[in-house]
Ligand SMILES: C[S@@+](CC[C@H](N)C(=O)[O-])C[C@H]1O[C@@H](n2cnc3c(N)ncnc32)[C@H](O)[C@@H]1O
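As structure tokens, one chain now follows by itself in the form predicted alone.
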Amino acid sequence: MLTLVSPELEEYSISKTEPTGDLLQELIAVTHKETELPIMLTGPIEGRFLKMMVQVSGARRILEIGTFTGYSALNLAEGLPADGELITCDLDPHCLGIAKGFFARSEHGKKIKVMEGPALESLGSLTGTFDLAFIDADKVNYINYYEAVLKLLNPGGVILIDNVLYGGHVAKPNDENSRTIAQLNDLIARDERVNRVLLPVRDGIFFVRKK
């Protein structure tokens, strides 16, 4: 699990956080059993944070870049009202197969629409605007995703970007992923279009609000 705190504090924090239902617990187990990189799961604390962000922002339409096995999408959808909508984008057929199976079993799954294929192509085909977006996909495209999503966001809307500390490597970038994320962090820090705070939660979450 990617985290900036000790395992003991992580478990303590989980114990004090709103619990997830059995379906999400099962999805964690299936992801660990059937995928090569279960570390890509957002985890229970971040998942509950995503749900709460939807609730406190009053979001009704959400865009997610990077579905993986659907854990974050189900947390986001849980925070939506019954008539809310979440559009999630990914191109991995195996992971999407797992996600779709769990969406079908969830009472919140009817709020979720999956767009399969390269996310930038999916973004180019979308219409309308969004209240909240969550970016957690291939890191080399993070800047492209940020710019595309910002155009689709309503004024006052929120973008949450995962892994922006990248295991601490952004302080001394040493590969393409860490260099791209460091460049994105610098871009957002100078971006007059937004308000922002970088939260050292798990592997870092950039909380960005469009002015």
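Don't overthink the numbering: it's just position in the shown sequence, from 1. Worth saying up front: this structure is predicted, and the values here are computed from it rather than measured.
As for the form predicted in complex with this ligand, it is not shown, yet the points below apply to it.
Among the residues I45, M40, L152, V30, the one placing a heavy atom within 4.5 Å of this ligand in the predicted bound form is M40. The listed set F49, Y166, F68, Y146 contains one residue whose heavy atoms approach this ligand in the predicted bound form to within 4.5 Å, identified as F68. V114 falls outside the set of residues with a heavy atom inside 4.5 Å of this ligand in the predicted bound form. In the predicted bound form, D138 approaches this ligand with a heavy atom inside 4.5 Å. Proximity of P118 to this ligand in the predicted bound form falls within the 4.5 Å heavy atom cutoff.
This ligand is not shown here, and in the predicted bound form it never comes within 4.5 Å of any heavy atom of A77.
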